[in-house]
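Listed next as structure tokens is one chain, alone, in the form predicted on its own.
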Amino acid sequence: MKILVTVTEVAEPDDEFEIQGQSIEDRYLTYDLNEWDDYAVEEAVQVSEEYDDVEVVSVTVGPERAEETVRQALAKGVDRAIRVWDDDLGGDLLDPGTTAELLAGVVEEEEPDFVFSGVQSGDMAFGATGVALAEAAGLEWAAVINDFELDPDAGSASVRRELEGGVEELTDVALPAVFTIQTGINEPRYASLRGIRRAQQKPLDVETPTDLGVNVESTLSLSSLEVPETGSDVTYFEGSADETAAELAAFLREQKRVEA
């Protein structure tokens, strides 16, 4: 059995940072494994621990810098990794459709039994790549999974999905399929020192869109980057309760008249 897990690197800015043109200076950024993908990795590793002869392969679309992040997945139990990139893709900003086409090329090459993907990424939060991948690869799919039960003999998986309004859906999905994993489905493990050392020896292959037979061009471009304005309209009342009660009452009466 083979499980493919899609992972991505996200950049988290410091509390204080500077914008240069249309980017944040790298010295203000910390790169890490996407939170949702961490749960997807853990779910895949747990399946590999429950069943025999399971290979877990992670795949990311990103520049060379992302390899350190990918090795976090290797340190947590993923067997090997693939990084897809070409400088002609036009930088780190890729639309979900382009990313999905590249990942679909890996799916065709690897022929996994199923694919795990995080529900969304913590930076862009499109929440579309997993489902777009299923469409591009011609696979069944189920999104926002918070419980996963595999039935290898039946060639299916029973899943519980989060829907709007607190509703949950129980359904069976025929394999191969793509499942987007929600946070809270498990408790991601910490990488052990031994796992970190072993991760440096595990295979990490680099492929280009040409290698995968995929011809893509991102349609997403960044027009501007700004720090959002922040502010608040707060009235402070200083003093004891007895001293401020009359002031607060007058303030509330005034607010009521304004709203009326």
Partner chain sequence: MSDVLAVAEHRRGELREVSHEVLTAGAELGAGELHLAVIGGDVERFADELDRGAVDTIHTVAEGEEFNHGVYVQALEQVAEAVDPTYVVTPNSVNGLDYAPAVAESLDMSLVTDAVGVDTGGGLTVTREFYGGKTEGEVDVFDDRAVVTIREGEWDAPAGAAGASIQAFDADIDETALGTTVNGFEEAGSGDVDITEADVLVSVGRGIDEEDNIPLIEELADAMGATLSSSRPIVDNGWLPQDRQVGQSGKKVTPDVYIAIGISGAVQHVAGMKGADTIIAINTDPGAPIFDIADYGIVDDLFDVVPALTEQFA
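Computed from a predicted structure; not experimentally measured. Each form is matched to the other, and the largest set of C-alpha atoms that superpose within 1.5 Å is called the rigid core. Residue numbers count along the first chain shown, from 1.
There is also a form predicted in complex with its partner chain; it is not shown, and the following applies to it.
Check all three, 39, 131 and 163, heavy atom within 4.5 Å of its partner chain in the model of the complex: All of them do, each having a heavy atom within 4.5 Å of the partner.
111, 87, 151, 168 - the one with a heavy atom within 4.5 Å of its partner chain in the model of the complex: Only one listed residue qualifies here, and that residue is 168.
4.5 Å heavy atom contact, residue 208 and its partner chain in the model of the complex: Result no; residue 208 lies far from its partner chain in the model of the complex.
4.5 Å heavy atom contact, residue 193 to its partner chain in the model of the complex: The answer is no: residue 193 has no heavy atom within 4.5 Å of its partner chain.
4.5 angstroms heavy atom contact with its partner chain in the model of the complex for residue 200: Residue-level check for residue 200: no, no contact with its partner chain.
Partner contact for residue 78 in the model of the complex: its partner chain, 4.5 angstroms, heavy atom: Because no heavy atom of residue 78 falls inside 4.5 Å of its partner chain in the model of the complex, the answer is no.
Residues in 106 to 129 with any heavy atom within 4.5 Å of its partner chain in the model of the complex: Heavy-atom contacts within 4.5 Å come from 120, 122, 123, 124, 125, 126, 127, 128.
Shift of residue 11 between the shown form and the other one at or above 2 Å (CA, core fit): Shift of 2 Å or more: no.
Core-aligned C-alpha movement of residue 153 between the shown form and the other one reaching 2 Å: No, the C-alpha position differs by under 2 Å between the shown form and the other one.
Residue 164 C-alpha relocation of at least 2 Å between the shown form and the other one, rigid core basis: The answer is yes; the displacement is at least 2 Å.
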